[in-house]
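Only one chain is included here, represented as structure tokens and corresponding to the form predicted alone.
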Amino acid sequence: MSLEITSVNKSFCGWTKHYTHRSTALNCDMRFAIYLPPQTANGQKVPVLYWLSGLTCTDENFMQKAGAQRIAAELGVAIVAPDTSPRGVGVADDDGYDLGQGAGFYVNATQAPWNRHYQMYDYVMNELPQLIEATFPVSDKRSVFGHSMGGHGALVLALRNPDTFQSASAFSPIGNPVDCSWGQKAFAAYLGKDKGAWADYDASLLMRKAKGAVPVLVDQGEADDFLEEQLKPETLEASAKESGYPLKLNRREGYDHSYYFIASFVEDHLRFHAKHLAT
């Protein structure tokens, strides 16, 4: 699988790089960013932390705004950030910001016209990690984190695949998408009317019946404009309490939904993951 590099920037003695490649899962060209810490310069293999971004974002937002490279360099952890959806001419789209290009929701769409390209779950679970591990000096140890829609995606991936990921975390995740307008709109379009299929992509429902577990950290700003209508962290807490799931949820007074919030606590998340990636 050929990769085309589009940008390279040295950062804290490591490298932030952006690539495009042809995706078989998504049937289009895709973009991703990777931060390779300085430990990889001599070929040392490092674990990988996958970042999943939120609505309207691309592979660039986290790498440019979160300020994660300094800590990743210290800890010896690579970070991979894919785009949030398939894109391009011929890829289905919608006029709304919360559906279509930029809003893949990390599901495998089953409904036309979305099912031709919108297989984001398979892409981030299988195709992209296989490409990363075959191309770069990284190990097969993975953890995953994300923000908002990407926080939903990160939790779902870890909950459904506890043997694949060492840990998971999220900033302001959509915790119960079957019960909020963002999730209902996306799931109805991508997955159809059968709400039984929706449950496979709802972190609160998955956590309630989880049989395997990975450590999960969630940070939620209490001044988040989407807190009550879209994010519903209380559903995650209730599910974890019911099943005994190892969830730690921090409520952060005064913080909103922005990258100012993410940048304030990204170090905590990186150190959390590094601890579990080292085991």
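In case it trips you up, residue 1 is the first one in the sequence shown, and so on. Just so you know, these numbers come straight off a predicted model, no measurement behind them.
In what follows, reference is made to the form predicted together with a further copy of the same chain, a form of this protein that is not presented.
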Out of 24 to 32, 226 to 234, 56 to 64, 241 to 249, where are the residues with a heavy atom within 4.5 Å of a further copy of the same chain in the predicted bound form?
56 to 64
Although the partner isn't part of this model, could you tell me whether residue 19 comes within 4.5 Å of a further copy of the same chain in the predicted bound form, counting any heavy atom of the residue?
no
Can residue 268 be called a contact residue for a further copy of the same chain in the predicted bound form at 4.5 Å between heavy atoms?
no
With a cut-off of 4.5 Å between heavy atoms, is residue 70 one of the residues that contacts a further copy of the same chain in the predicted bound form?
yes
I'd like to check something about residue 5: if you look in the predicted bound form, is any of its heavy atoms closer than or equal to 4.5 Å to a heavy atom of a further copy of the same chain?
no
Residue by residue through 7 to 21, tell me which have a non-hydrogen atom within 4.5 angstroms of a further copy of the same chain in the predicted bound form.
8, 9, 10, 11, 12, 13, 16, 18
